[in-house]
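Presented as structure tokens, the chain that follows is alone, the form predicted on its own.
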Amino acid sequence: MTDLSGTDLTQPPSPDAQPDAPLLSVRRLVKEYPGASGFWGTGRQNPIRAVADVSFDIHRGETLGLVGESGCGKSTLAKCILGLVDVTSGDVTLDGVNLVGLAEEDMRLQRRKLQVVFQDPSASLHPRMRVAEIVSEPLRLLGMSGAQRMARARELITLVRLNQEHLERFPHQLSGGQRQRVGIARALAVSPRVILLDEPVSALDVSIQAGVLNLLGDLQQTLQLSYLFVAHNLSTVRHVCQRVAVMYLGKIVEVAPRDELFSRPRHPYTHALLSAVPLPDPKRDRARERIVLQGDPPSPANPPNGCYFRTRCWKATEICAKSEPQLVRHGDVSYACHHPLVDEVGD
């Protein structure tokens, strides 16, 4: 099955980069918004740096989790990667092609490799379109005939474990889990290489979440997909991600393999987040130390000097106010902290 350019849509796009190179690479990405101004334009605030010098890689077949408190910049970072907002500086390289500054037509061609599944399936599906139209809409934009689109929609609806009769239904006639499966089918329509999952199960009942997560895992294995998994729920992240990046006030403060991060977090902020995750063993859950962060995160329009986390960190010292820690790699783990937790914590 091909589009008007002759591209086979049943197969992933051919890689343009070297096999061992990262599939998606973000380098020194910055996104600033102008600060608010006062009466008659006076008293303008500092620019709001929603994403502050972020770098990370995602390799083929890998799931990278992106976690952090609300307002830390996760959604803005995702929009920058998708090209939905212009970046202030930095690079986003997908399969060897830098997406920043691409012309509209060139970016349209690259979008086939990068798709998204949104948080709320009720809001992301057109209420007046049947499932068959929703799933095949990306193919219409690529110029495929109606018969080809319908054949592909049937393939996709089976792939996400729905029945053929669901193709004739409207979104309001589906359950929440079924709607999210339709959203996944739509993302798969053009055979992408990377899918950005923006809280894909947070709007679903707990009983439905496991089925959707298992589906995503099976699709990853079958179609050789890479995921950027944006989430708040660390238990979910532990279940589906191979590596985890922790974000605070627009910055990545730690990146580590999943098991390493959950058993030996280096950054105090990571330790605080993990201490709030319930353990299945009630005795261990009651006995462990819980870190309760004091106060709210600082404003990105007026961040603290030095380390952004120092105003809430129990290990902060004078050097934390004078010098901003850089993200430094130590083996498979990277962290930005003057006083890392190396031997103080464990699972």
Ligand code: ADP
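The model shown is predicted, which means the values in this text are computed figures rather than measured ones. Numbering starts at 1 and runs along the sequence shown.
FYI, the form predicted together with this ligand isn't displayed, but the following is about it.
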Item to complete: Check each of 256, 272, 116, 72 and return the one that places a heavy atom within 4.5 angstroms of this ligand in the model of the complex.
Response: 72
Item to complete: Scan 209, 178, 76, 236 and let me know which has any heavy atom within 4.5 Å of this ligand in the model of the complex.
Response: 76
Worksheet item: Counting only heavy atoms and a 4.5 Å cutoff, which of 46 to 54, 287 to 295, 305 to 313, 318 to 326 contacts this ligand in the model of the complex?
Response: 46 to 54
Discussion item. Only counting heavy atoms and a 4.5 Å limit, does any residue of 288 to 311 reach this ligand in the model of the complex, and if so which ones?
Written reply: 300
